[in-house]
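Quick heads-up: it's one chain on its own, the form predicted on its own, in structure tokens.
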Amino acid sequence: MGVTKEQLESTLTSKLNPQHLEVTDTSGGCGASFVIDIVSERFEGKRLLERHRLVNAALEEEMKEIHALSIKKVLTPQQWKQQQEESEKSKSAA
């Protein structure tokens, strides 16, 4: 059996203390493919590649069983807040 969504959430929560975390199993339930959105203060002052490396390092053991990992968003809390505000503005303007 592959890795579960809950395993990834637990590991990322304990290692990166995210303010927001969304893990989606895109493998159809076999645990081989996931999409991740994560917001953490640990990303402050880090470039995109460094942020991805932090996520991959946190999931080192799980990565041995995962076929595909797509890290869609790796944001700081401030970036997340700005994105939420922009989203709200565009919704209210429509």
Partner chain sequence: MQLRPAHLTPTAHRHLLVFLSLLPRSRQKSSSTVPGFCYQSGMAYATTVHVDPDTHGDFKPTNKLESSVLSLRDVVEQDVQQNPVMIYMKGVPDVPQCGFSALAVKVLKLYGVPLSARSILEDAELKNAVKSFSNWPTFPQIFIKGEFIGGSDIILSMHQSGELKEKLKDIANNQRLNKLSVIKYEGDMV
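Residue numbers count along the first chain shown, from 1. These numbers come from a predicted model, not from an experiment.
Just so it is clear, the following notes concern the form predicted in complex with the partner chain, a form of the same protein that is not shown.
In the predicted complex, none of the heavy atoms of Ala58 sits within 4.5 Å of a heavy atom of the partner chain. Shown alone here, Ser70 lies within 4.5 Å of the partner chain in the predicted complex, counting heavy atoms only.
At the 4.5 Å threshold, heavy atoms of Lys46 stay clear of the partner chain in the predicted complex, well away from it.
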